[in-house]
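First, one chain by itself: the form predicted alone, in structure tokens.
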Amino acid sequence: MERKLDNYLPFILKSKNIARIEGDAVLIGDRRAYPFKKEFVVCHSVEEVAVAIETMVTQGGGPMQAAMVAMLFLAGRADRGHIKPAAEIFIRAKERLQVTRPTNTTMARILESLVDIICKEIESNNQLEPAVQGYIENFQKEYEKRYFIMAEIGSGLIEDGDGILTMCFAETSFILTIALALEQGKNIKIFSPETRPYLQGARLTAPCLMEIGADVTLITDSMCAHVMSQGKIQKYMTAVDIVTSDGWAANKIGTFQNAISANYHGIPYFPLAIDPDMTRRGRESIIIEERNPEEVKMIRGVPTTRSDMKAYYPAFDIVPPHLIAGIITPMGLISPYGLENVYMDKELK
């Protein structure tokens, strides 16, 4: 029987709850409100979608879907005569959406492909919405296949009785990995650091794992090394926002220090990368998003220090390849030093 991805996922990861068009608006699931409320932010323009992404209404893989839905929304407006079907309008929309997440290049590359298709349809005087809708549907089918491939690999690495540390919100790839491991009857425990300053681990990862029936324990970011030293962790698994062709990986700030500690304790680190970026090489090619330092000085709007305190907020850090045991990809479990050979020599079926 064919497996449906949504059947394995918690509320906020189901496709319709990430981003969708309803009436004359784009609805984006508001992850800032979760798990206390299940709400949506209503956007009436590409600019409003971009602002929603920038203000963390959605994050991780969410901005990619929100951006595609925004382009579909714009295509529909062009088809119905609300805006001119001009290439420059879609190019500007693409560029605005791309800068919302400078570290994760997957969204940028997908938007490039999508706008290329739109521009060709404009040149041919064709309707735009069907072409964009078709692209998104094919993309989602392809990614669903990739998610299951990666989750099968990831769950295969998990042994009965394992403790697993993650970081931030590893989204579909990690949640599905855990769901399949549970389906296989494995008794596992997951430790989710809170992920300061935005608390994705506390607000998203831990509640989502509880929703699928996993045994999850919330810890503070500073507890990871201690928990490892107690022998409670056997695997370290996270998603990554980008992996370069030579195996450098960037993820939410804190991932690097946990990788160092895992290496010290002999714990393998397996990042999940659905779309390694073969156009980037070396840590210098990774752009680290630096967010407003004011966010470090508060938790959910409540100040934690003096208003005139200096702060610093790089949103991501970079893990070197020698700290990575293997990268879980749709092409298999690959050494960080072997990505280039695999991805240059084969095409993803």
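Each residue number is its position in the shown sequence, starting from 1. Quantities reported herein were computed from a predicted structural model and do not represent experimental measurements.
As for the form predicted in complex with another copy of the chain, it is not shown, yet the points below apply to it.
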Of 22-30, 306-314, 40-48, 60-68, which is the one stretch near another copy of the chain in the predicted complex, taking non-hydrogen atoms within 4.5 angstroms as near? 306-314
My question is simply whether residue 282 lines the interface with another copy of the chain in the predicted complex - judged by any non-hydrogen atom within 4.5 Å. no
Even though the partner isn't displayed, in the predicted complex is residue 143 close enough to another copy of the chain, meaning a heavy atom within 4.5 Å? no
Would you please decide whether residue 56 lies within 4.5 angstroms of another copy of the chain in the predicted complex, comparing each non-hydrogen atom pair? no
Wondering, does residue 183 line up within 4.5 Å of another copy of the chain in the predicted complex on heavy atoms? no
The one option of 113, 187, 133, 222 with any heavy atom within 4.5 Å of another copy of the chain in the predicted complex is 222
Within 4.5 Å, heavy atoms only, which of 91, 86, 210, 278 is in contact with another copy of the chain in the predicted complex? 210
Has each of 35, 194 and 199 got a heavy atom lying within 4.5 angstroms of another copy of the chain in the predicted complex? yes
Between 223-262 and another copy of the chain in the predicted complex, list the residues on our side with a heavy atom within 4.5 Å. 223, 224, 225, 226, 227, 229, 230, 232, 253, 254, 256, 257, 260, 261
